[in-house]
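Only one chain is given next, in structure tokens, and it is the form predicted on its own.
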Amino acid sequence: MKLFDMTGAPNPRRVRVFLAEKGIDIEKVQVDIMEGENLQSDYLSINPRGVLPTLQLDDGTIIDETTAICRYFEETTPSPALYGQDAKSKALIESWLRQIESDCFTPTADVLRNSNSVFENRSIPGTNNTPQIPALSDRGTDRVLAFYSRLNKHLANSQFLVGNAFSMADITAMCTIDFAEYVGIAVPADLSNLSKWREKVNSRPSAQA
């Protein structure tokens, strides 16, 4: 099987970290989003949506969307469990995944795609001729900072996002906040719980995947 990947992009990184935690090594094919390689015919013949990451199974099946890819490997390699071990932890991890993606990842992507000249005419992933809306960048920054504050309060009483077990929620938050920092939305210095958690998760070997 193959993982169509881009080093430096946050969603492919989520999959790489997940695979590293599982001890899974598969072939990776680099596709440069910044250069628009994901919109070229060669890649579109594999994934017509033009998005990354994409997993191609040995039988030719194509799976895109980060969570779907990670769910596949959670089923094929269940240990260590990264989506929870019981009904409560599974529900809480799913809740945090939705919150991170809607309240932090999407706003961060809005900032990047509506402020960086590279995306001047493709402000929506996988598209051409989609103009930027600068106001979405300003709103995105405000939403991310609000999420930081909420997460900092939560981490005052929790080692990881869901109890004492590192999970896909932590992977997603780590990669998303690192992405936001790259875009220019730094974690405020007074959010000490969040800063301590970031130091802990980024020190894991998988974080370098």
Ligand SMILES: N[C@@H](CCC(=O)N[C@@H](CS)C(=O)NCC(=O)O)C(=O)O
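Position 1 is the first residue in the sequence shown; the rest follow in order. Note that the coordinates shown come from a computational prediction; the quantities given were computed from them, not determined experimentally.
Beyond what is shown, the protein has a form predicted in complex with the named molecule; the following relates to that form.
Q: Determine whether any heavy atom of L191 comes within 4.5 Å of a heavy atom of the named molecule in the predicted complex, and answer yes or no.
A: L191: no contact with the named molecule in the predicted complex.
Q: Using heavy atoms and a 4.5 Å limit, would one call R122 a contact residue for the named molecule in the predicted complex?
A: Judged by the heavy-atom cut-off of 4.5 Å, R122 is in contact with the named molecule in the predicted complex.
Q: So, P53 and the named molecule: in the predicted complex, are they within 4.5 Å at any heavy atom pair?
A: Close contact exists here: in the predicted complex, P53 approaches the named molecule to within 4.5 Å, heavy atoms only.
Q: Taking any heavy atom pair closer than or equal to 4.5 Å as contact, tell me whether I33 reaches the named molecule in the predicted complex.
A: Contact with the named molecule, yes.
Q: Of the listed stretches (112-120, 135-143, 88-96, 71-79), which one has a non-hydrogen atom within 4.5 Å of the named molecule in the predicted complex?
A: Contact criterion met by 112-120 only.
Q: Ok, V187, A9, L19, V201: which has a heavy atom sitting within 4.5 Å of the named molecule in the predicted complex?
A: Selected option: A9.
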